[in-house]
Every structure is written in C-alpha cells, then in structure tokens.
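Encoded as structure tokens, the following chain is the form predicted on its own, with no partner shown.
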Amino acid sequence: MSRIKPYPVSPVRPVPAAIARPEYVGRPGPRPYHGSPVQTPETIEKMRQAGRIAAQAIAETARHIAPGVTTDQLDAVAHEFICDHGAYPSCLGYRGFPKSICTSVNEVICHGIPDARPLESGDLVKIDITCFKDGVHGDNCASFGCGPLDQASADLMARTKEAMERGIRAVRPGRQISVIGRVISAYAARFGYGVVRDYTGHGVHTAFHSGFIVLHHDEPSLTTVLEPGMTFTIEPMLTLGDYRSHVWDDDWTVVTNDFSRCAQFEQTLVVTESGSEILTQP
C-alpha cells in the first residue's frame, strides 16, 4: 500500500442561512468553556437529538465508501445529510477547518481533510462526524473497510471498537475517570497495539471541546470522579505500530510516525446513576 499524500481540497460548502451556527464559526477559535461538566436534563435531551443526526450521518456516508470514490465526495454526502436535517456540521469552520467531516485513511490517525484522493480497495477509512443543533453538539466516529481489508487491519478495526465499548462499560458514577484509559490500554496491550496519547476524548455539550479530557492510556494521576450528568466522548485510536505521530503542513492531518495503520471509534455518552448512556445512537 502506498502512503497517503495530500490531494487538492475543494471550496468550502455552503450551509443554508436558516441553520444556526456554533459561536466559533468565523472566529479564530471557540470561546473558552467555564461551565460545569455536568449537564442539565434539557441539554442532555438536545444532545440525544444532535447525536442521532450525527450517527445517522455516519451510516449514510459509509454507504458510499467504495474504490474510486473520493473523500471529498464522502464529505459532500455528509454535508447534505446534516444540513437536510436542520443541523450544522460542527467541523466546518472550527479553528478554520475547511470541511464538514474528518476522513482519515490508513496511517492518518485523525483530522484528515476530505480531498480529491480516490479511495483504494483495502483502505481503512475513519469517518468522524459532529453535528450542532439547538445549541449542542453530538460527536462520533467509526472505521470502515473500503472493500476487503487485510487480516491485520480487519482485526485492528474490530478490536478498536471493542476497546471503545470496554471503556464505555467501565463508566460508573463514583469511579475515577482514569478507569477508562486503564481498561482500554490493558485490552490493546494484549495485541501489541499502540494507544494514541496526543489526541483524546473530551467534554462535549454546548461546547464542541470543553477542556474536559478523557485519556485512553493508563494515567493514574487523572483523578476526576465521574458524576451523573457528565457528557463526554470516548474515542480510542489504536495503531498496528508506534502510537507517536506528526502533523502535515496543513496543520490538521495527523499521521503515525512509522506509517502504521490506525483505527478509531467514538461515541458521545452521558454518565447515568448506574453507568452510562450513549447519546450518538441512530
């Protein structure tokens, strides 16, 4: 397989004027969030609605993955779907990001910009979609094969999903948030996978990224206690090789240093009285 390289990026897609924008659109960056990590029932219900659109958008976009299809075409599918459902694609205009979704292929860990590169049979494709509606965000990501995957990539994809699900099952009120990374990294270690450290889960609600951090590796010093009503993402990125990375000159595209493949899965969830609820459900 050849290494992923930059391809031309098409112009920014318009969003209907009637669709509400997040506050950061047209600004260098978002305003800092100083509120509580615990959200009200009203905010959580709105997040279910935004999360549903985001999950449905991934499913719809993934249907179009095929050899010869460009990631820019996938962006067009997602953009139209999100806007047709009255939501705003949260990535578009976030710190200047030029597209509506992130498409990260093979050794690209995350934040890949959709472009004119045609997908090839055997590519491992990550689609990351966040939707903004009624003042809140719903954020999710999933990995897919473009045609048949080699066995190592197929296993990596399945086990990364399992790692995410184990992290979600570990969430309980009263536990320290470090339990999530401990469970995920222990599972990944069974297969010799790298666990990406520089890109993490995060608080999400009225803020796209609130400053609340969820690590996917074992870090005992992370002692924040989980409380009902906290909303955040769990989104492990596991690699076939070294987890260390570098960023392209576009200031977004993150690639493994050894060019080993990476898979990622992500859900937005809320801590409940007895565990957690996934908010990005179709």
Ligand code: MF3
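Note that the coordinates shown come from a computational prediction; the quantities given were computed from them, not determined experimentally. Heads up: residue numbers just count along the shown sequence, starting at 1.
Keep in mind the form predicted together with this ligand is missing from the figure; the text below concerns it.
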**Message:** My understanding is that this ligand gets transferred in the predicted complex by a local C-alpha superposition; in that placement, do 3 or more ligand atoms come within 2.4 Å of this form's backbone or C-beta, making it blocked, or is it open?
**Reply:** open
**Item:** Heavy atom of His202 within 4.5 Å of this ligand in the predicted complex
**Value:** yes
**Asked** Could you tell me if His209 has a non-hydrogen atom within 4.5 Å of this ligand in the predicted complex?
**Response** yes
**Item:** in the predicted complex, His111 touching this ligand (heavy atom, 4.5 Å)
**Value:** yes
**Asp75, heavy atom within 4.5 angstroms of this ligand in the predicted complex** = no
**Prompt:** Counting only heavy atoms and a 4.5 Å cutoff, which of 147 to 155, 115 to 123, 96 to 104, 162 to 170 contacts this ligand in the predicted complex?
**Reply:** 96 to 104
**Complete:** In sequence order, the residues of 226 to 244 that place a heavy atom within 4.5 Å of this ligand in the predicted complex are Glu235
